[in-house]
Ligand code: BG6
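Take a look at this one chain, the form predicted alone, written out in structure tokens.
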């Protein structure tokens, strides 16, 4: 374990040499940010706390305004009170809304009770934005954040275009569109949504958000690879045995049964979050840190993954659905007993796939991706397992010499761990696996900001690095489509096939026998 480098100085204050000389985060441009679906769960739990945290940390522009746009009935004061209630609930202790800072922040909040199909309400939004430009100095800069259910996305985009709220109509500042996942429910719906968006918003103004990409360890994957000569020379088929990427949860579907029963683990996690992690792990070095140089390399590596033929889907994938079991010693019900879930549902709550990347660097190296609900432990991680030593001359032959392993821990413990072999002290040549473990919070003396805080700030700054470009979204759908269609069209009569609180279905072990234990 790496200990914290934080040191006490003579005046009693803390000094962390790892943070010495770092510039403060750049203040974002003045802007109005409009949250469509502002009465929904995502806004109150994630988006509103992220924006308020930016204000607390000084990364939100002074000239700023927030507009809620949703069907729920509020006037401005009622919505401000609603926002305060949510911040009181979801902000950590010491960061609750109070005092002059909250008073100033709340006066910049307004609300429009709206029907997403009513052009008059979008004209009212245009008037509110123009008023904010004058009253709060937001400089004609606008962000439209789509945090509504996905079926509403196309209608909102059409109405923004009709109201003259698209980038082409903005002559005084910039206009950006942030689109939540899922971007489509399959390949054709994703293409249809893209056609709608590109009529009003150029690609340079579209920010497809994947909150996994805002997590600090995910951002550090490129630094780990390209800022360290000890890793990049062995980051290839000559030295890597396999790569496994896991996004496991102990939670069930909670109150999202109606949504999840039409989505499933493959759509909800593999097609976007987990595939984006694969792209970062496997991409070639970009020619610069510019957003499109990085995103072009991600697209290239996805282009090298062949979609499996339909008759081979069973050999490269596994699916499961949780039944009753226990989590943390408490009994929990099975998926088919959850609210708003069909009693004979064929929806998978666990998905695993095997991909191979057909290029010079990775030919022959399997990439195993898995994600599931109601598993034994909540963990998201990337595990790179290196090839075994070619010839053994250590010990007496009774000790197993495990392959070296690099683990990028995304959540809940953010950090990097390495497993390597070492000799046990003493006259015998006994070998044991040991770990070096770096934790971001301990090492840098600060907690990583929430992913949404980073991503909203990047959208305000116009930095698209951590947002997914359309060509990569389309390619991810193309890769997963044979598995998706096969599962949709084939009833799995073994469901439920794993108990809540376990490692997942036996089919995952048949696909790959060396998954890291959860």
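Residue numbers count along the first chain shown, from 1. In this text, all values refer to a predicted model and were calculated from it rather than measured experimentally.
Absent from the display: the form predicted together with 6-O-phosphono-beta-D-glucopyranose (BG6). The rest refers to it.
The candidate spot formed by 295, 300 and 474 lies out of contact with 6-O-phosphono-beta-D-glucopyranose (BG6) in the model of the complex, as no residue has a heavy atom within 4.5 Å of it. Stretch 209 to 217 is the answer when you ask which of 209 to 217, 332 to 340, 112 to 120, 127 to 135 has residues with heavy atoms within 4.5 Å of 6-O-phosphono-beta-D-glucopyranose (BG6) in the model of the complex. Screening 108, 273, 361, 161 for any heavy atom within 4.5 Å of 6-O-phosphono-beta-D-glucopyranose (BG6) in the model of the complex leaves a single hit, 273. Screening 373, 142, 370, 80 for any heavy atom within 4.5 Å of 6-O-phosphono-beta-D-glucopyranose (BG6) in the model of the complex leaves a single hit, 373. In the model of the complex, residue 411 approaches 6-O-phosphono-beta-D-glucopyranose (BG6) with a heavy atom inside 4.5 Å.
Interface residue remark: residue 419 is not counted as part of the site for 6-O-phosphono-beta-D-glucopyranose (BG6) in the model of the complex, having no heavy atom within 4.5 Å.
Residue 249 belongs to the set of residues with a heavy atom inside 4.5 Å of 6-O-phosphono-beta-D-glucopyranose (BG6) in the model of the complex. Using a 4.5 Å cutoff between non-hydrogen atoms, residue 84 does not count as a contact of 6-O-phosphono-beta-D-glucopyranose (BG6) in the model of the complex.
Interface residues of 253 to 286, taken as those with a heavy atom within 4.5 Å of 6-O-phosphono-beta-D-glucopyranose (BG6) in the model of the complex (partner not displayed): 256, 259, 268, 269, 273, in sequence order.
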